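Read the single chain below, which is given as structure tokens and is the form predicted alone.
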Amino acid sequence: MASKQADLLITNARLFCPASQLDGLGWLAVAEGRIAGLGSGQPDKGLKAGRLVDGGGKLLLPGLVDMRVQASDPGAEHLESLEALLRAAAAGGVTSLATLPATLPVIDNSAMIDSISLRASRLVGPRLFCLGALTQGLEGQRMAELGMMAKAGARGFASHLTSVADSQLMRRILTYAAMLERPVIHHCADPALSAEGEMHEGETATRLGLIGIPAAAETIVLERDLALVRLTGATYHAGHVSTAGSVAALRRAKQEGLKVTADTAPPWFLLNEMAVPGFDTAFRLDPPLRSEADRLAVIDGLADGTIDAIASDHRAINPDHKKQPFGMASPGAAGIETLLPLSLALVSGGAVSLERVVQCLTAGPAAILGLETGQLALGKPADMILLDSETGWVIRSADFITPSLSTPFEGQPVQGRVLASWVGGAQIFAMENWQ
């Protein structure tokens, strides 16, 4: 490195970064918040550091970029404050996160972005970025102030758990977003087919007497949006993809050269509709848990690059709203602290390579949002995590940092523990008794 003085020096760590084609035992130095040097073996003996960390042979990865997080603050701070969210994210290895616009009030103007961004900047934790609402109040009637929000720092424009049903309005949104060079991030669910649904439509729903949501509800809206992308040339992102039909449509769109990306989350590649028969409302999600064929298609989409990112889809739910009959319970679950180990289950199961999973958690979502994070490389922000990939543990919501305790993975054995997290070289999390 050019400088012989570093703020932080990590040695004896396995540097692993698919975006930089790194995989080997080495060292990394941080100065002024950025990666100032890295290499294999041991650093030059003349290199001095304010803090020295022995990586113990563990994995040093880029910090995770979680592009689908629903904050409860402002509006429902009693469920999860902004501080609690950031602390939970840091413990989960997330060093950058993008919040969806369904706060109270809705993030549909520049003042809301300024306010949330300022509050987050005063807290210790991950970098926080806002996604502006596609429509005013997320009501699907009038386009929100996209230009003003982009100027205030919105990394994209998103819906919540409803789709923009008006095709003309969606065309206008895509046209404006294209001029602003921001992605449109859409929850695809035809309202007429999904509004009253309770779980995935199929044999299991029929047997349980629950109202089904067909896979076509997602794919119909996605296919319409792809047709509008052809008209507008916009950059489009499909959120939490859950069906085989959607994966196939995205694959065709990418082959065609459209500027489309997609994400999914652990429930849709680790679980299927057969988890529902116990009527446990922890499995009440939106989109619903799909068929086994859909689950396998989502995994294939991750493996071959059709799906670009894995997000937590984290959402704090009022526990009273989960203590309802299955169809009446609020959909959603905590996910930010379990994102990494659940994603690593794809690797231990042999379904997806470690390189691909890490890419989908770091550089993939960073590129979608136009962030310079998600990579271990000279000059990049020193956002990193140290991971013990060998340690096994069991998911217990009682151990969560977030006060949101609903998870469909309660009691699930997993492997991989975050030992420490850094943002700009500053440590934001360290496991108890580590070092």
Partner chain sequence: MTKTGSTPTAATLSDRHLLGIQGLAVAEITALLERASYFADHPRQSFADILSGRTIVNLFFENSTRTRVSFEIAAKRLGAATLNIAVSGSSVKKGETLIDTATTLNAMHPDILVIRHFASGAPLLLSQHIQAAVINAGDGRHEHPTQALLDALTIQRELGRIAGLKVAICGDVANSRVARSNLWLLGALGADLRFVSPATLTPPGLADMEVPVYHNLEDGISGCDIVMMLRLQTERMEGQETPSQHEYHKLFGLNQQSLNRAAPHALIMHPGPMNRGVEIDSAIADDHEKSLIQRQVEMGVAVRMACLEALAEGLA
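Numbering follows the first chain given and starts at 1. Everything numeric in this text was worked out from a predicted model, so none of it was measured.
Omitted from view is the form predicted together with its partner chain, to which the following refers.
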{"property": "Contact test in the predicted bound form: residue 257 vs its partner chain, heavy atoms, 4.5 Å", "result": "no"}
{"property": "Residue 206, heavy atom within 4.5 angstroms of its partner chain in the predicted bound form", "result": "yes"}
{"property": "In the predicted bound form, residue 324 touching its partner chain (heavy atom, 4.5 Å)", "result": "yes"}
{"property": "is_contact(residue 328, its partner chain) in the predicted bound form, heavy atom dist at most 4.5 Å", "result": "yes"}
{"property": "Selected contact from 248, 211, 179, 148, since only one has a non-hydrogen atom within 4.5 angstroms of its partner chain in the predicted bound form", "result": "211"}
{"property": "One residue of 153, 305, 278, 74 in contact with its partner chain, assessed in the predicted bound form (non-hydrogen atom, 4.5 angstroms)", "result": "278"}
{"property": "Options 215 to 223, 193 to 201, 101 to 109, 171 to 179; stretch whose heavy atom lies within 4.5 Å of its partner chain in the predicted bound form", "result": "193 to 201"}
